[in-house]
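A single chain comes next, written as C-alpha coordinates; it is the form predicted on its own.
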(Lines give C-alpha, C1' and ligand atoms only; values in the text may rest on other atoms or scores of the structure.)
Protein backbone atom coordinates (compact mmCIF):
# COMPACT_ATOMS: atom_id res chain seq x y z
CA UNK A 1 0.00 0.00 0.00
CA UNK A 2 2.99 2.29 0.52
CA UNK A 3 3.72 2.35 -3.20
CA UNK A 4 0.20 3.61 -3.85
CA UNK A 5 0.80 6.56 -1.51
CA UNK A 6 4.09 7.33 -3.24
CA UNK A 7 2.39 7.12 -6.63
CA UNK A 8 -0.35 9.53 -5.51
CA UNK A 9 2.23 11.94 -4.17
CA UNK A 10 4.27 11.77 -7.36
CA UNK A 11 1.17 12.35 -9.50
CA UNK A 12 0.28 15.42 -7.42
CA UNK A 13 3.84 16.77 -7.71
CA UNK A 14 3.85 16.24 -11.49
CA UNK A 15 0.50 18.03 -11.68
CA UNK A 16 1.90 21.01 -9.78
CA UNK A 17 4.76 21.17 -12.28
CA UNK A 18 2.22 21.26 -15.13
CA UNK A 19 0.39 24.37 -13.89
CA UNK A 20 1.98 27.70 -14.83
CA UNK A 21 0.36 30.99 -13.75
CA UNK A 22 -2.85 29.22 -12.73
CA UNK A 23 -3.34 27.39 -16.04
CA UNK A 24 -2.28 24.01 -17.40
CA UNK A 25 0.69 24.41 -19.73
CA UNK A 26 0.78 22.09 -22.76
CA UNK A 27 4.57 22.30 -22.84
CA UNK A 28 4.86 21.32 -19.19
CA UNK A 29 2.46 18.40 -19.68
CA UNK A 30 4.52 17.21 -22.65
CA UNK A 31 7.64 17.44 -20.50
CA UNK A 32 6.02 15.43 -17.71
CA UNK A 33 4.86 12.75 -20.14
CA UNK A 34 8.35 12.58 -21.65
CA UNK A 35 9.86 12.20 -18.19
CA UNK A 36 7.43 9.37 -17.35
CA UNK A 37 8.24 7.61 -20.61
CA UNK A 38 12.00 8.02 -20.12
CA UNK A 39 12.26 7.09 -16.44
CA UNK A 40 9.49 4.44 -16.26
CA UNK A 41 8.52 4.99 -12.60
CA UNK A 42 6.74 2.37 -10.53
CA UNK A 43 3.10 1.80 -11.46
CA UNK A 44 3.20 4.03 -14.55
CA UNK A 45 -0.39 3.32 -15.58
CA UNK A 46 -1.73 4.22 -12.14
CA UNK A 47 0.48 7.30 -12.06
CA UNK A 48 -0.76 8.48 -15.45
CA UNK A 49 -4.41 7.87 -14.54
CA UNK A 50 -4.04 9.94 -11.37
CA UNK A 51 -2.16 12.65 -13.27
CA UNK A 52 -4.84 12.73 -15.99
CA UNK A 53 -7.53 13.15 -13.32
CA UNK A 54 -5.74 16.14 -11.79
CA UNK A 55 -5.22 17.73 -15.20
CA UNK A 56 -8.83 17.15 -16.29
CA UNK A 57 -10.16 18.69 -13.08
CA UNK A 58 -7.93 21.75 -13.51
CA UNK A 59 -8.97 22.25 -17.13
CA UNK A 60 -12.65 21.91 -16.16
CA UNK A 61 -12.22 24.82 -13.74
CA UNK A 62 -11.52 27.09 -16.71
CA UNK A 63 -14.48 26.00 -18.83
CA UNK A 64 -18.10 26.99 -18.44
CA UNK A 65 -20.45 24.58 -20.18
CA UNK A 66 -23.74 26.38 -20.81
CA UNK A 67 -26.60 23.94 -21.32
CA UNK A 68 -29.67 25.48 -22.91
CA UNK A 69 -33.04 24.50 -24.36
CA UNK A 70 -33.46 27.43 -26.75
CA UNK A 71 -31.02 29.55 -28.68
CA UNK A 72 -28.09 31.22 -26.89
CA UNK A 73 -26.42 34.21 -28.48
CA UNK A 74 -22.70 34.90 -28.53
CA UNK A 75 -23.36 38.00 -26.43
CA UNK A 76 -24.92 35.82 -23.72
CA UNK A 77 -21.93 33.47 -23.76
CA UNK A 78 -19.55 36.45 -23.51
CA UNK A 79 -21.55 37.81 -20.57
CA UNK A 80 -21.36 34.42 -18.81
CA UNK A 81 -17.62 34.25 -19.52
CA UNK A 82 -17.15 37.69 -17.99
CA UNK A 83 -19.19 36.89 -14.90
CA UNK A 84 -17.44 33.56 -14.30
CA UNK A 85 -14.00 35.04 -14.95
CA UNK A 86 -14.71 37.69 -12.33
CA UNK A 87 -16.18 35.20 -9.86
CA UNK A 88 -13.35 32.65 -10.11
CA UNK A 89 -10.55 35.19 -10.71
CA UNK A 90 -9.26 33.17 -13.66
CA UNK A 91 -10.00 33.17 -17.36
CA UNK A 92 -13.11 31.06 -17.99
CA UNK A 93 -14.30 30.24 -21.51
CA UNK A 94 -17.94 29.40 -22.20
CA UNK A 95 -19.26 26.89 -24.69
CA UNK A 96 -22.89 26.17 -25.54
CA UNK A 97 -24.41 22.71 -25.31
CA UNK A 98 -28.07 22.18 -26.35
CA UNK A 99 -30.23 20.22 -23.89
CA UNK A 100 -33.94 20.09 -24.81
CA UNK A 101 -34.77 18.40 -21.49
CA UNK A 102 -34.30 21.72 -19.69
CA UNK A 103 -37.54 23.09 -21.25
CA UNK A 104 -36.30 26.70 -20.84
CA UNK A 105 -33.46 28.52 -19.08
CA UNK A 106 -29.77 27.81 -18.59
CA UNK A 107 -27.55 25.47 -16.60
CA UNK A 108 -23.91 26.53 -16.29
CA UNK A 109 -21.21 24.11 -15.11
CA UNK A 110 -17.76 25.33 -14.12
CA UNK A 111 -15.70 22.46 -12.75
CA UNK A 112 -17.92 20.85 -10.12
CA UNK A 113 -20.03 24.00 -9.56
CA UNK A 114 -23.48 24.11 -11.17
CA UNK A 115 -25.61 27.24 -11.57
CA UNK A 116 -29.13 26.47 -12.70
CA UNK A 117 -32.02 28.65 -13.72
CA UNK A 118 -34.23 26.28 -15.69
CA UNK A 119 -37.91 25.46 -15.77
CA UNK A 120 -37.09 21.75 -15.40
CA UNK A 121 -35.08 22.49 -12.24
CA UNK A 122 -37.85 24.60 -10.76
CA UNK A 123 -40.45 21.89 -11.54
CA UNK A 124 -38.23 19.28 -9.89
CA UNK A 125 -37.95 21.48 -6.78
CA UNK A 126 -41.72 21.93 -6.67
CA UNK A 127 -42.44 18.21 -7.10
CA UNK A 128 -40.01 17.26 -4.32
CA UNK A 129 -41.59 19.81 -1.95
CA UNK A 130 -45.08 18.33 -2.37
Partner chain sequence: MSNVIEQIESQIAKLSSKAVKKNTGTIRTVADGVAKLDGLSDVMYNEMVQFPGGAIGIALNLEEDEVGCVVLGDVAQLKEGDEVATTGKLLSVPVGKALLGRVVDALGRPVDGKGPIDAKETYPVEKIAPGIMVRKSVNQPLFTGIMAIDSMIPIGRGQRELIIGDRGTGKTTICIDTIINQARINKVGLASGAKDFRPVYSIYVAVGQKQSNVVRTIAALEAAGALEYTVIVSAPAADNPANQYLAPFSGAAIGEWFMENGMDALIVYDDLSKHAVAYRQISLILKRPSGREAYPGDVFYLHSRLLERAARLDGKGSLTALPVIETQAGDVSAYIPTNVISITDGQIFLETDLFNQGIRPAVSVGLSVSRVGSSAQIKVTKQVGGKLKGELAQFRELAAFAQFGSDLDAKTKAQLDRGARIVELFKQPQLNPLAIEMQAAILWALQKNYFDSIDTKQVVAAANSLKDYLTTRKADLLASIRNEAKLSDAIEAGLKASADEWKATFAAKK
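Numbering follows the first chain given and starts at 1. Keep in mind it's a predicted model, so treat the numbers as computed, not measured.
What follows is about the form predicted together with its partner chain, which we do not show.
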| item | value |
| --- | --- |
| Touches its partner chain in the predicted complex: residue 20 (any heavy atom, 4.5 Å) | no |
| Residue 8: touches its partner chain in the predicted complex, heavy atom cutoff 4.5 angstroms | yes |
| Heavy atom contacts to its partner chain in the predicted complex at 4.5 Å, residues of 100-116 in sequence order | 109, 112, 113, 114, 115, 116 |
